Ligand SMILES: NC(=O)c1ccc[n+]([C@@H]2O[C@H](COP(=O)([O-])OP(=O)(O)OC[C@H]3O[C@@H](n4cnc5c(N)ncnc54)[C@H](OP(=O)(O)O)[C@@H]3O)[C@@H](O)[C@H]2O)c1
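Shown below, as structure tokens, is a lone chain in the form predicted on its own; questions about how it binds or moves come after it.
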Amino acid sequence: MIRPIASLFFYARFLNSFSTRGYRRAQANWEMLSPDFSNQTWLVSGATGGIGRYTALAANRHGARVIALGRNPDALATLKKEAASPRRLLPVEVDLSSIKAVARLASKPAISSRLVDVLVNNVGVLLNQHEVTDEGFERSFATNILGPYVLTETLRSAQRLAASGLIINVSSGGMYGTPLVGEEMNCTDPNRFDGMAAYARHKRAMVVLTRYWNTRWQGSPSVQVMHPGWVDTAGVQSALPWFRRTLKALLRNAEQGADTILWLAQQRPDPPIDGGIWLDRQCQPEHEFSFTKRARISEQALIDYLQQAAEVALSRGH
């Protein structure tokens, strides 16, 4: 009984800002977005559906060379055909829940041939069924936070990220419902698994990871974190059917969800000094409830945990 009541309170709290209502209210004060991404190389994860697909196609349409990461070869082929300039859209097939596969991406010809100017860590999954990868991680943990951590760290270590570049981490408004946690992010016990809670924890960690990278790298490259509001994606349709049935008329489309990604890439605002998360081209606070400020682990403990998990995955089979 407590969970449904808490969910109702949460959705009511954010209905006017995360839905199309919030987008249209904010949009009234915007100038038209007309970016020029010519001579830029973008790397977009989760590029075959939803927000990632729109981002990849829009960046390509505005002149960028786009490296599109996805697991489904047919979906990648379709994406390339639909691009304004198929020549400038390079599909790379990869299982983003495989940490070894993610670590090898920096050596792929499409990625190693040019510096990445904009990295969009977009991939995200909310799983209702518990799954464990061959490397021993709960699948959504590997996909949503450990994989992006390894991808970003590997690209920078291999000097594949342009010093003047930008990393855009795609979080979720769901992170407002949880503090930062540690091992609970990687729930390998199916009897204790809660897909919604896991997703929110991963997206909270993404916000903390953004602040860590900005402190560590001092703008070389710059790192931003945003969330798209409530978007009617295939993932929402499959993972949260009851949510979609209830709010379908108020859910954003992929273009609305991706707008802030493209705006950040065009405008390049300074990362907020005290942290924050972008929504509809405005920097919002990282916390809306006092209980989420009580982190269960420190920022450094989060980094240590992710690094140790990555090392375990990369050492197996050697």
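What you see is a predicted model; the values in this text were computed from it and never measured. Numbers for residues come from their place in the sequence shown, where the first is 1.
What comes next is about the form predicted in complex with the named molecule, which does not appear here.
Distance criterion of 4.5 Å from any heavy atom to the named molecule in the model of the complex singles out Y199 from the list Y199, Y149, W213, Y176.
Interface residue among V181, L115, L247, V236, judged by heavy atoms within 4.5 Å of the named molecule in the model of the complex: V236. This chain is displayed without the named molecule, yet in the model of the complex the stretch 69-77 from 157-165, 105-113, 69-77, 186-194 comes within 4.5 Å of it by heavy atoms. Looking at A101, you'd find every heavy atom of it more than 4.5 angstroms from the named molecule in the model of the complex.
When contacts are judged by a 4.5 Å heavy atom cut-off, Q40 does not count as touching the named molecule in the model of the complex. Although the partner is absent from this view, V94 contacts the named molecule in the model of the complex, with a non-hydrogen atom inside 4.5 angstroms.
In the model of the complex, the named molecule lies farther than 4.5 Å from every heavy atom of G63. Residues K203, P228, G229, W230, V231, T233, A234, G235, V236 are the members of 202-241 with a non-hydrogen atom no more than 4.5 angstroms from the named molecule in the model of the complex.
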